[in-house]
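As a starting point, one isolated chain is supplied in structure tokens, in the form predicted alone.
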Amino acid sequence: MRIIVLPEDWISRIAAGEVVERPAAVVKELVENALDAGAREISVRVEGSGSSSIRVSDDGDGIAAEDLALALERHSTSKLRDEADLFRIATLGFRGEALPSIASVSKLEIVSRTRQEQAGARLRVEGGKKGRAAAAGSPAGTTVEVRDLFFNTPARRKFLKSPATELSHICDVVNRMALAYAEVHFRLDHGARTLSDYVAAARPRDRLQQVLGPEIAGGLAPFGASSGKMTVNGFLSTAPSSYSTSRYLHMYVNRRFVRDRILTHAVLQGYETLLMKGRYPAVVLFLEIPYEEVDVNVHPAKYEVRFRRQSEVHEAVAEAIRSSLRAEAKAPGRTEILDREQAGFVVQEAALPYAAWPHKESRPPAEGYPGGTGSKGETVPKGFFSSLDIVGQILGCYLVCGSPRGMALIDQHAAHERIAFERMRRQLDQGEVERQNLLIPQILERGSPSSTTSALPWSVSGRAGSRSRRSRRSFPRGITGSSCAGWL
């Protein structure tokens, strides 16, 4: 086939597919433009799931009337002046693709006025086809309304999730922006309801309470450190607070929200053994780094970045968190924080009323301890754990115990799991585990006789436990059923 040049409307739709994947992406791009314009008050209004209508208003610098039509052209931007600016991106947006990409798959109307102009201008675009700019009354700032998103790309609209899911993604976008810009007033309305109203906060902790809620924000401790030209600061949860997902892991590079594996690994590395496997902390991390040391032009949606010196960034973040947690653990009078979840039931352990003995007179007898002066007739208990005396509890997770052999630390989580495991194994050996045969026999296929030369046939029939001699070693213990057959 011959090489052809794609039509302009095809190119716009391809670009829109990279930038606008769902209604939340529209909100993200428009809010970023408002922040780059110096807005101090941003209002987002959504109808339905966002595909019906999205309206973003701000009080920023606005767009001049003669530049309004140019703002809808591809790769037109006011955020770059020379080629060197590409290597030190200091704004959230810079590609010049957001507005034209959104306009190519929606019915867009933009109204804007600068502070120097007496009247504003309005421009309508439908499916990438621009109308003429006309004068319009408008306050200083910009208002962009996006209606019928994906009206000309029904396949993409078909793959949108449920309205509740799409709305939750929009809420996440607003919350992430609000955490990074505490000095900006954010408001999110869904129909006649106000979902979020974050007034400008004088302190970052106040914004944490607005976005994350008092329970989670109350368990976060501030931290900060500097390494060369890098600055790491923010808030983190202290042990034993943890969560089953990484939802509360917010990472920002020069106030840009990112999903970066290097930073995520550094955060978890900083916690070391304070978190169990599969658990995540609540961290709001702000990394300030010279613009030329990070490349934000990696992903069309700018969620991913690339660092010039990844190892240095990783070590700086991990050490900042590690040092803060150590200082927090040594702080006197530290109040233990319970492990909380937003939803669902979780097993958690409250701080136990164990405390160190304050006076020598109140200490237990020293007969069983090294160097003790008790009577020689006293016998030490035979079991190791039965001979332990609980001295105290640290970090809400570990028991400090004394024994004739010295000091012992017991992980409460591991001890609980071990006790439950031993109980289940004992019940299994004694046949006390409840079992029920399958109503309908099932065939289990393990491998293929034709592909595996060492495969051995096996079969089981009748009640559980009546298996053939050949399969006795391979058949898993505890499996029940009326009939099983297959290959191993």
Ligand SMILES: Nc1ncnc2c1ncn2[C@@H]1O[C@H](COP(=O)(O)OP(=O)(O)OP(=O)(O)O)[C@@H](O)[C@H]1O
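Everything numeric in this text was worked out from a predicted model, so none of it was measured. Position 1 is the first residue in the sequence shown; the rest follow in order.
Omitted here: the form predicted in complex with this ligand. The next part is about that form.
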Please state whether all three residues 33, 58 and 77 have a non-hydrogen atom within 4.5 angstroms of this ligand in the predicted bound form.
yes
So which of 108, 320, 98, 121 gets a non-hydrogen atom within 4.5 Å of this ligand in the predicted bound form?
98
Under a 4.5 angstroms heavy atom criterion, identify the one residue in 46, 27, 63, 42 near this ligand in the predicted bound form.
63
Heavy atoms, 4.5 Å, this ligand in the predicted bound form: which of 172-180, 68-76, 388-396, 149-157 makes the cut? Say which one.
68-76
Tell me, yes or no, whether residue 252 is in contact with this ligand in the predicted bound form, where a contact means a heavy atom of each within 4.5 Å.
no
Residue 142 near this ligand in the predicted bound form, any heavy atom under 4.5 Å?
yes
Decide whether residue 94 counts as a contact residue for this ligand in the predicted bound form under a heavy atom distance cut-off of 4.5 Å.
yes
Considering only heavy atoms, tell me if residue 279 and this ligand come within 4.5 Å of each other in the predicted bound form.
no
